[in-house]
Each structure stands twice: as structure tokens, then as C-alpha cells.
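Quick heads-up: it's one chain on its own, the form predicted on its own, in C-alpha cells.
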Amino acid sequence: MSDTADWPWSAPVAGAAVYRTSYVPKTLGEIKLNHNEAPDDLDADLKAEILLRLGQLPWHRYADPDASRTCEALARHTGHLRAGIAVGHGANELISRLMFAIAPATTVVLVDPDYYVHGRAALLAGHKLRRVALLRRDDKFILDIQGIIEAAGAGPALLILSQPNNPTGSLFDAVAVDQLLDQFPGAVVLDEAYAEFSGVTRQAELATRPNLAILRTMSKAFALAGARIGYLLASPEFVTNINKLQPPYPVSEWQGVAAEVVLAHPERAAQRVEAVRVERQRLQAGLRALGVETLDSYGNFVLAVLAQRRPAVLAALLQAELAVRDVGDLPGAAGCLRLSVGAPAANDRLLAALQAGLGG
């Protein structure tokens, strides 16, 4: 039997590192502020409704192969046509499906910094990756429109970027996004994982811009990170093409029921979003009072710019059993930590630990 090292692995897979997350198991006293999860668990009555419905299902039967009920629930929630919705095992699975659906060796343009899974998925699919640094202006990052267009070349190419950006929290200027949608030679995918917190979306333009697609998740505002439910909004033709790579049963019955129950109570997510916005503002004010630079954020997290103080602050946070995301190795985010907005008590503890780490 030959060694697996001799197997004909694809070049992108053979050269890639195994995916590693900074996940830290929840232990007594530890506060997780590193994955931009909801600060509170799903309401007990919604959990009970989900469990009741699951108990009434036949578990020995496969789920709906097309996730029709889940897509219909998403169509009611978003107002988007059912044929233009795809669902998957989290937005990450949809990102991967998208990368394998486009032609081999397509030019994929990304900005730096941005959500790292975009680049990883593009490389694993064997595409030509072009990165364009975001420009810093005053208290936010902005898009280098000319640089992005030039990186795409003659096209067709794919541009994918977070709106608002992760990890900076910046919301890109509407006019700049218009320019990209008008001029980019190919498809533009906006990862709107944090749209509920920013209140900004391009969904209304899907009907008139066939080159536009939008990614969303139920992990953040809907407190369903553990369920892993992502969805994509686009034209029916766009969805048909990426669904050619859809595995049978894209979501389980359990995932589908959880999504359907939670989507039937949108006011719960709206309350959670408002609470996060209030705490986000308080956390940013607290950071600035400590002399820590932080950009205005439109997500459920803030970027703390610590420069040379980053190692000492990170050590103090770990000592205080606070898990945060160290993004200092990302291009354009050197010396930075990304801090998820937690519950009020968690944010108080975070600010106290930050003060200690800064020598205050």
C-alpha cells in the first residue's frame, strides 16, 4: 500500500495548512469575546419550541433535499424571491461552494484586512488571488477603487468583501461600493454577516444588478452560531449555478427547524441587536478613555489599535480569562486586537483587564 504522501492531492490542498481556529473551550470564569458570537443565548421559550418540534419529527428519515421550508422562511424574512436563495452549513460552506462553482484559475480579488476564510477558500479552489490593501483615512478604512479594478485585470473576475469589514468594523462608503458594482469586470459578493448591526444592505439592488450576491449568517444577530446556518441572496441564475455544487440535504432537519422558529420571531433578534449597539458604543468610549485607539464599528465587535502595547495587553486579558481575537498578523491590522461586544458585565471585566494591561 502506498503512503498517502504519494497520493495525487491537488496542489492547493497539498500546500495548505490544516484549518485551525482560535476556539477556546468554555471554562468556569472564562469570557469568550473572540468569535463575535451573540452575547446571550437563545431565549428559553424558543429553545423549548425547537425541541418540541424536533421531538415530533421522524429522525430515521432524511431531511428535505432542497431545504425548501428553510428557504421559504428566509424568503418571508428577507422579502427576497425563493429562487434566489441558497442555504448552507454556515456562510463558510457557501463561500467554499461559490469558489468551486466559478471557472478554474479565476482571478479573485480581496481586500486586506478582511475575513480570512475568503482567501483560504479561493486558494483551496486553485484560483489566482489578488489582494488590495485598504486605505486608512482618519478614523476608518476605505476602499482603493482603482487598485481593485486594476487587480481584476480584463476579467471576468470575482470580488468578495465584508460590508461592514471584519476585522476593522468599517462600513464602506456607499458611493465607493456603487463604483465597484458599476466598474468591476465580474461578480461582486458582499459578505453581510453583520448587516443587522450596521443597518446597511444592498439587497434592494439584487433585482437590477445580476453581478451582485449577498452572503448572510444566522450565527450573530440570531444567536444560532452552534446551529451553523448561512444563506446567500442573488439572482435565480446565480443561485442555480452555485447550487450545482450543493450537497444533498444542505441543512439538517435540526438546523432547518431552528432557523424556522427563530425567523418567526424577528423581534427577538432586533432586541439583541439594539442591546449590542448600546454596549458597542459604551465599549468604544471606555477604550478611548483608556487611551486606546479604536475605529467606529458597525459590527458586533470593535478593533483595538494597540501597536507595541499589544503583547502586554493580550497577556493581561488571558490572565483575566478573557478570550479575544488577536488579528495582529493580518495585513493592515498589525498591533490590533478584535474585541467582540459581550454582555455588560463581560465588557466591564474586559475594560478592567485592559486597564491593567496598559499599566493603569
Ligand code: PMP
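Predicted model only: the values in this text are computed from it and were never measured. Residue numbers here begin at 1 and follow the sequence given.
As for the form predicted together with the named molecule, it is not shown, yet the points below apply to it.
Visitor: Though only this chain appears here, would Lys220 touch the named molecule in the model of the complex if you measure heavy atom gaps against 4.5 Å?
Guide: Because a heavy atom of Lys220 falls inside 4.5 Å of the named molecule in the model of the complex, the answer is yes.
Visitor: Can you check whether Thr107 is within 4.5 Å of the named molecule in the model of the complex, heavy atom basis?
Guide: Taking the distances in the model of the complex, the answer for Thr107 is no, it never comes within 4.5 Å of the named molecule.
Visitor: Wondering, does Pro250 line up within 4.5 Å of the named molecule in the model of the complex on heavy atoms?
Guide: Residue-level check for Pro250: no, no contact with the named molecule.
Visitor: Can you tell me whether Tyr115 touches the named molecule? I mean in the model of the complex, with a 4.5 angstroms heavy atom cut-off.
Guide: Close contact exists here: in the model of the complex, Tyr115 approaches the named molecule to within 4.5 Å, heavy atoms only.
Visitor: Among 181-189, 232-240, 272-280, 86-94, which stretch sits within 4.5 Å of the named molecule in the model of the complex, heavy atoms only?
Guide: Only one stretch qualifies here: 86-94.
Visitor: Answer with one of Lys140, Arg228, His77, Arg120: the residue that has a non-hydrogen atom within 4.5 Å of the named molecule in the model of the complex.
Guide: Selected residue: Arg228.
Visitor: Could you spot which one of Ala193, Leu158, Val262, Ile214 gets a heavy atom to within 4.5 Å of the named molecule in the model of the complex?
Guide: The residue in contact is Ala193.
Visitor: Counting only heavy atoms, which residues in 285-319 are within 4.5 Å of the named molecule in the model of the complex?
Guide: Counting only heavy atoms within 4.5 Å of the named molecule in the model of the complex, no residue of 285-319 makes contact.
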